[in-house]
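Only one chain is shown below, in structure tokens, and it's the form predicted alone.
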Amino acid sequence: MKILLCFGTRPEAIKMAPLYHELKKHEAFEVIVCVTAQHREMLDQVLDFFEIIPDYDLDVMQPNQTLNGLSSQILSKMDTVLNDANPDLVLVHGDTTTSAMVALATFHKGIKVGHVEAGLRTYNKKAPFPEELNRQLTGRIADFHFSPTLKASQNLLSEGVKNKAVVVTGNTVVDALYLTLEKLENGFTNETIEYLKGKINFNNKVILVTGHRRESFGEGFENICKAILELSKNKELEIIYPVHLNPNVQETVYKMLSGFENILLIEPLDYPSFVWLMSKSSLIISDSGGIQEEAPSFNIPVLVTREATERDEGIKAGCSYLVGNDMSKIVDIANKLLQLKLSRETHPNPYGDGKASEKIVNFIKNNL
């Protein structure tokens, strides 16, 4: 059976990497990889770390590309890939433009689609934008739905997807996290990790910050930066902010947060360095979906700087706190959490047990 994995961004690559390696264990599968390179540099770092060499690279990333321009490129270029590879099944991931356009192109060719991380919903098409509709579109096209949680599967069933086409697997990001931690425990290091070891005072509590969502551009990021400035007045805190490459993020963050002693602005981190730093943190402030899923494995709380999240299992479990870009709410909840003696004991992660890839492969073997 010929299976084509398609992805284009760093988060997709992280979450598809363990599935790729699980599929490769089985002689019954011919595994092919296509990357759109919707993100280029950050994608390549993940491919290198997880030792994945793509069979096809669409290389679609362009400076200041529009969503429509990106979509048209992917849709057009996938024709050649699908004609050449002629797969029996195409696996896409999550909620990116790559996921939606590859699924659509695959549907046009009459080839079956499997959707990894299926069924997450906010039912607000503007939050997250454009990810919510990307995920819904992919869900309407997909033939098989690999849901990370029971709630995600229930969303699909309520939308009319047949029960036999949906399987709850957990999230493959937890698989990727465990693979990475194993490498780190076995002595993996790099220049970035060594740099951070010398730069950060780990006697203080570390706050890790990330942000990239389009809906926060402008005033939203300004409010988040104001909250960080307020928190930085506590000199027993170290605030580390790997700044996303998007100019809309960089302009605001560097303008407002440069030059403060306990705020370290750095370039985006490669995945193993980020996992290493996350494991050393006391609190995370982020709009990332993946971080909401990863942090519970470290028992680290996340302040989610979004108005809505499709990952509310973490909210209900007390792993995450939805704060939007409300400066006072960010500061108040951060200070309350930092004052607690946070247990380092790991509680069950609501997003999975590290065996999602195995469950997906077993479903494919037994049902296709």
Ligand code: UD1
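For clarity, every value in this text was computed on a predicted model and none was experimentally measured. All residue numbers are counted from 1 along the displayed sequence.
Below: the form predicted together with the ligand, not depicted.
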item: Candidate stretches 130 to 138, 101 to 109, 252 to 260, 180 to 188, one within 4.5 Å of the ligand in the predicted bound form by heavy atom; value: 130 to 138
item: Non-hydrogen atom within 4.5 Å of the ligand in the predicted bound form for each of Arg121, Thr149 and Lys316; value: no
item: Single option in Thr96, Ser153, Ser216, Ser297 placed near the ligand in the predicted bound form, where near means a heavy atom within 4.5 Å; value: Thr96
item: Partner-contacting position among Glu30, Asp59, Glu41, Asp332 - heavy atom within 4.5 Å of the ligand in the predicted bound form; value: Glu41
item: Proximity of Asn246 to the ligand in the predicted bound form, heavy atoms at 4.5 Å; value: yes
item: The ligand contact in the predicted bound form: Asn64, any heavy atom under 4.5 Å; value: yes
item: In the predicted bound form, Asn349 touching the ligand (heavy atom, 4.5 Å); value: no
item: The ligand contact at His212 in the predicted bound form, heavy atom, 4.5 Å; value: yes
